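In the block that follows, a single chain appears as structure tokens, in the form predicted alone.
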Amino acid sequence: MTDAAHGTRTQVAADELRRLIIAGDLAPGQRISERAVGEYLGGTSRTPLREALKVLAAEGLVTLSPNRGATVTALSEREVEEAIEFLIGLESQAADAACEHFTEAQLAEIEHLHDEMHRAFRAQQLMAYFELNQTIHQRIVEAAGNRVLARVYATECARVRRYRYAGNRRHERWERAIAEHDRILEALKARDGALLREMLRAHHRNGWRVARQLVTRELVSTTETER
């Protein structure tokens, strides 16, 4: 197998495992069987699969242990809440600078992503909607022009991605979230940094209020499984 082919199989495996974790098909604390996952992915060999697990471990979605192998990372309610507050702080820091510095090309990309997100919402494609949603937030932070800020933001987002996804499983929250994104885009287009900051903060906290219930249930389930 060429290096390019190996890299492609590793990326495919990482993308599919990430989707399974974010969607909740692989639960926090669950051991990831290399054989079962390899069969699920159509016979993916162990080498690219192990490389994929390392990629997800670097993102914080998987924990690698000499004794247990790979398991889905389980975060406590406090850890997730602290991460959400940290992300709010990073986006708040980026809001004014983004409104001051974004280019027309950057705005056009965000508007295009926003339109695609609405299409995914109308088609009830939650995973596609979520990925577009996350990309929009990342592009807003990147528009601030601080590469360190953007890199730290991306890293922390990856670690709590599955919990943010869970908040949209309830349809009423999903509907509110899309409306909140409409207002976020309006604030960005108006170059109103103060308003954008408040819209982003409210958007995160509203989502976390719904997702917190899932985290609590998962902690109870994980504790009972480990007994």
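In this text, all values refer to a predicted model and were calculated from it rather than measured experimentally. Note that residue numbering follows the sequence shown and begins at 1.
Heads up, the form predicted together with another copy of the chain isn't pictured, but that's what we're talking about next.
Of the residues E109, E79, E116, E131, which one places a heavy atom within 4.5 Å of another copy of the chain in the predicted complex?
-> So the residue touching another copy of the chain in the predicted complex, by this definition, is E79.
Would you mind picking the one in Q138, Q125, Q93, T71 that has a heavy atom within 4.5 Å of another copy of the chain in the predicted complex?
-> Selected residue: Q93.
Among G29, V62 and E142, does every residue place a heavy atom within 4.5 Å of another copy of the chain in the predicted complex?
-> Spot residues vs another copy of the chain: no contact at all.
Mark K54 yes when one of its heavy atoms lies within 4.5 Å of a heavy atom of another copy of the chain in the predicted complex, and no otherwise.
-> Close contact exists here: in the predicted complex, K54 approaches another copy of the chain to within 4.5 Å, heavy atoms only.
Wondering, does A190 line up within 4.5 Å of another copy of the chain in the predicted complex on heavy atoms?
-> No, A190 stays farther than 4.5 Å from another copy of the chain in the predicted complex.
Looking in the predicted complex, any heavy atom of A83 within 4.5 Å of another copy of the chain?
-> Taking the distances in the predicted complex, the answer for A83 is yes, it comes within 4.5 Å of another copy of the chain.
Look up in the predicted complex whether V152 has a non-hydrogen atom within 4.5 angstroms of another copy of the chain, and give yes or no.
-> Output for V152 is yes: heavy atoms within 4.5 Å of another copy of the chain.
Interface segment, criterion being heavy atoms within 4.5 Å of another copy of the chain in the predicted complex, picked from 35-43, 170-178, 156-164, 191-199 | The contacting stretch here is 156-164.
Residues of 114-149 having any heavy atom within 4.5 Å of another copy of the chain in the predicted complex, listed in sequence order | Those in contact are G145, N146, R147, V148, L149.
If the CA atoms of I110 and V55 move by 3 Å or more in the predicted complex, do they move toward each other or away, so closer or farther than here?
-> Between the C-alphas of V55 and I110, the gap widens in the predicted complex (3 Å or more compared with this form).
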